[in-house]
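Shown here is one chain on its own, the form predicted alone, set out as structure tokens.
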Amino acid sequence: MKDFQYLLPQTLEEAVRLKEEYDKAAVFMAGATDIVVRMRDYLLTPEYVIDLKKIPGLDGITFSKEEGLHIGCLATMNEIAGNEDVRKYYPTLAAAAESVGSRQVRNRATCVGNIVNASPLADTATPLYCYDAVLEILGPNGKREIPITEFILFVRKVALERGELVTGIRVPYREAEGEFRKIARRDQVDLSTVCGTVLKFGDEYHIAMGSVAPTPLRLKKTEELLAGKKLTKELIDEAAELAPTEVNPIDDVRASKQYRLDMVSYIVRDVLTKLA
């Protein structure tokens, strides 16, 4: 690991100022489950590490039906997975958070970090895509919000400008039913080969898949096919055939392209069958 200078700001404003000053030479650190590994392997060699953990008020999880769910940038996966409101009103997000790594990893890993890391296979991304989550951002020019579907631009590339950091995630509340699915080589402590979420909001469907393109994807054509229609076997079969045409997976060490296409079809078919 390359030597670096460790910085511990006490306020968000100080953190923003430091990141603006050092720009690409600095990285933010929250749970550190990804950044430390990448630094160890010399995939990331920052000159400055800005640790956010001493800034108060960033680890909260709050919910109301009027305001929806708010997840602070230091809220851990285990805190999200175990939160009563998340489990009751956003069960697919709770399931996704609980699927990440080991319990020890989930005690440190954060949901915001999982998204800012911008991995195509980020487990919490697909439920957040389906719930139309919004990223709350603070930077030198003040606050702004951006939909999660516009935030992740490519592998490890996000829509942050100089000096900006994500302070939290806001998830609107809508009554929904559906499931999160994770396909992996092992039942526990493994990266997703394919992950996906299928949600039904009344007569509307939201479907998102991960590890099948450079970014997580909403399957808009499949959603449009299903909208306002009764789930018959014929319609579910049609949706299961259409869904793989909306993704572009690769062959890698975890699975072939064809396997991933098959799993997208399987997830869509199986969850829709249970919702019918």
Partner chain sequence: MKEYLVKFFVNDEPIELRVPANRTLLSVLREDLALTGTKEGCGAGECGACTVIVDGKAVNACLILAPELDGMHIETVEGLAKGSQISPLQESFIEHMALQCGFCTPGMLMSAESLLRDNPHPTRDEIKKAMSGNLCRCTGYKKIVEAIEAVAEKGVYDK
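Numbering follows the first chain given and starts at 1. Only a predicted model underlies this, so the values are computations on that prediction, with no experimental measurement involved.
Same protein, other form: the form predicted together with the partner chain, not shown, and the subject of what follows.
Using a 4.5 Å cut-off to the partner chain in the model of the complex, not one of R17, L52 and N141 places a heavy atom inside that distance. The contact residue chosen from E204, D132, E98, E179 relative to the partner chain in the model of the complex is E98, the criterion being a non-hydrogen atom within 4.5 angstroms. Here is the short version: of V247, M39, I61, L58, the single residue with a heavy atom within 4.5 Å of the partner chain in the model of the complex is M39.
Annotated contact segment (heavy atom within 4.5 Å of the partner chain in the model of the complex): 107-115, selected among 107-115, 164-172, 193-201, 151-159.
In the model of the complex, the partner chain sits within 4.5 Å of a heavy atom of M1.
Although the partner is absent here, E136 is not a contact residue: none of its heavy atoms lies within 4.5 angstroms of the partner chain in the model of the complex. Contact annotation: K88 falls outside 4.5 Å of the partner chain in the model of the complex, judged by heavy atom distances. In the model of the complex, the partner chain lies farther than 4.5 Å from every heavy atom of L217.
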